[in-house]
Ligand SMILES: Cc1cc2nc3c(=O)[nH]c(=O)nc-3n(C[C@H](O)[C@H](O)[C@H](O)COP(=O)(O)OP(=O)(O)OC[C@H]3O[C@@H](n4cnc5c(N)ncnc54)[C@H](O)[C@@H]3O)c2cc1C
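In structure tokens, the next block holds one chain alone, the form predicted alone.
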């Protein structure tokens, strides 16, 4: 069985890349050990704050139209430091845009991408199967699956997450560490309107984000509470009223009284970055290449940026009759994306470490930085454009 590209992992990054290549007529094989349907409530699970660049990518793929009813625009960002006196407020009006992006669940995006896969007869989806071996040749890659499939292709793409089998079988080294934190995820109802504003407060135990959402014209908030592990365990042990009281106290009742809409889930936080994004005839995208702290909700935006950058280079080589798995192309992709991803990861580390410090001088510096950023128009516009994905 021959394909041009084999993609391992049918999450948002993998299925988006499969669509991007298949719609241009390429023969694609997408392999995932899970089933091709979304189980449970599409509004549950992790959420993403998609910036304008990511929304453009989903529009180009034809995904955005199918998930339009699940998108909630955010026009403003309000950030403050619970240990200080300064705050930052950003608005889409300042850069002449109707919004800074949309909040949506990962389940909704995945449902939208998976629903389009059957439209492409040149795209084969092997669900319930997983990668067993990779055997790179001079001009091709031989892929064997646990289900007994033997496939020849020009390039293998690892979109299979933090425990990537493509990365492991390609002997790509990583740098990783634990943040010693857990992310607590929940949907909330609030006493006050969210006014299409994304709220973020930095506390001594970790940042808390409240992202605007809607369902059937009712307003909700998506909670992403990144808390130090011991504190997170204590929070999870609380009864519902006690948990909500603690949350309201931490966010200073910015949207009034809160109530839970469903259960609280959690997962451990760590950072991971591949030292290279490629090996011979294999390449990484999304969480297989990098994962960052969720405090600014940039993980999925970075993954979709990988998809666009890799797809453009694959299609360019194909149009020019060049090898789509060439080392030259893979080096070019790796260098371009590492520069962008490392910059964002570094930015997140500064925020994470700076706001996690109890040093009074660091706290004073935070206050001063907030004050300068709030009053400096040029700096403010730069921050807002970064948040919206406008370069």
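Numbering follows the first chain given and starts at 1. On a predicted model such as this, the values are computed, not experimentally measured, just so you know.
There is another form of this protein, the form predicted in complex with the ligand, and it is not shown here; the text below is about that form.
Picking from 316 to 324, 248 to 256, 73 to 81, 280 to 288 the stretch near the ligand in the predicted complex, with a 4.5 Å limit on heavy atoms, gives 280 to 288. In the predicted complex, the ligand sits beyond 4.5 Å of every heavy atom of residue 19. Contact annotation: residue 31 falls within 4.5 Å of the ligand in the predicted complex, judged by heavy atom distances. Among residues of the shown chain, residue 157 is not one whose heavy atoms approach the ligand to within 4.5 Å in the predicted complex.
Using a 4.5 angstroms threshold between heavy atoms, residue 185 counts as touching the ligand in the predicted complex. This chain appears without its partner; in the predicted complex, the one residue of 131, 103, 198, 108 with a heavy atom within 4.5 Å of the ligand is 131. When contacts are defined as a non-hydrogen atom within 4.5 Å, none of 43, 67 and 212 contacts the ligand in the predicted complex.
Residues from 5 to 19 that approach the ligand in the predicted complex with a non-hydrogen atom closer than or equal to 4.5 Å are 8, 9, 10, 11, 12, 13, 14, in the order they occur in the chain.
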